[in-house]
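One chain is shown next in structure tokens, namely the form predicted alone.
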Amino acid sequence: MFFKILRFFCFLFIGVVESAEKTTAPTILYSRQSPFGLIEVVTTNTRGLLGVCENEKYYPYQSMFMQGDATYLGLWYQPLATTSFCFVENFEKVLLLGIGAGDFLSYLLNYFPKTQVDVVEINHVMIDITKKFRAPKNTVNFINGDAFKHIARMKKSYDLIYCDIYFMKPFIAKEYKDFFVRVNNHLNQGGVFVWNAHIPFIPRGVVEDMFRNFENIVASITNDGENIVFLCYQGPQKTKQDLEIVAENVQKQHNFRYALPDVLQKFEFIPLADYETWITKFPVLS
């Protein structure tokens, strides 16, 4: 009798587990092998919210986006990058190094539809996902290639260069040699460079090189402590008070989903004496 009862509860437990797995198991909407592994677009527990995953690891998501919503930014660091909108006077030409699932691209073009955008993405599958699920109506020049090699040979200059290169191996750090010098050479006057730096995998020496190459840097660390978004520019320093006025005016003009005055408050204006505080947040990697 005891074993029958035990067997009953075992079957009951297995049934509950299987039911929970069916409830939480994502629906795969897109699956394609890339040079860097299997890439999938899957449903999440939030209706309409899709996640982009690698190699059947369904959490955390590499990217997240809301179907039919061009202004949803689902990762901690993404709204922080929009602070660049109060630094740049003219959004005529923009370069995106790394595209994710087209999140920042979609947001940018929603508010600045006349902007000419070049996108450099090493993974052709991510370009395909962006075209398939984000369907940008604007003319976007997609370039399937290595961002570091591209910027080493390109001739064009931009008002905004946004670097969001996803990698999980620090050995790629050697690719950053002369990277910030080249970024400087391809920024228009008054332009800004935005860098999403993933703390565990960016060597401290790379961050030091960034500080050496820009006169002015502001930064914000994400709530989860995993990323720092740096905004870098040359020329006269912009005070926080001046930028608060600009942010208010630009917000009234465009009505951004993530209000610029609020996002700006998350940034620290880094004086020279405090550079070391930010540099030491990154690991010493060879």
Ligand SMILES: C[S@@+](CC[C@H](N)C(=O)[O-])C[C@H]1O[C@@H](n2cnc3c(N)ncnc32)[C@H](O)[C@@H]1O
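Numbers for residues come from their place in the sequence shown, where the first is 1. All figures in this text were calculated on a predicted structure; none of them were measured in a lab.
The same protein has a further form, the form predicted together with the named molecule, not shown here; the description that follows concerns it.
Which among 151 to 159, 101 to 109, 180 to 188, 82 to 90 is in contact with the named molecule in the predicted bound form, heavy atoms within 4.5 angstroms? It is the stretch 101 to 109.
Pick from 94, 120, 210, 202: which residue has any heavy atom within 4.5 angstroms of the named molecule in the predicted bound form? When the named molecule is considered in the predicted bound form, the option within 4.5 Å is 120.
Just one of 165, 194, 140, 206 has a heavy atom within 4.5 Å of the named molecule in the predicted bound form. Which one? Filtering the options by heavy-atom distance leaves 165.
Indicate whether the candidate residues 62, 77 and 145 are all in contact with the named molecule in the predicted bound form, with contact defined as any heavy atom within 4.5 Å. Yes.
Determine the residues of 200 to 216 with a heavy atom within 4.5 Å of the named molecule in the predicted bound form and present them in sequence order; the list may be empty. The stretch does not touch the partner at all.
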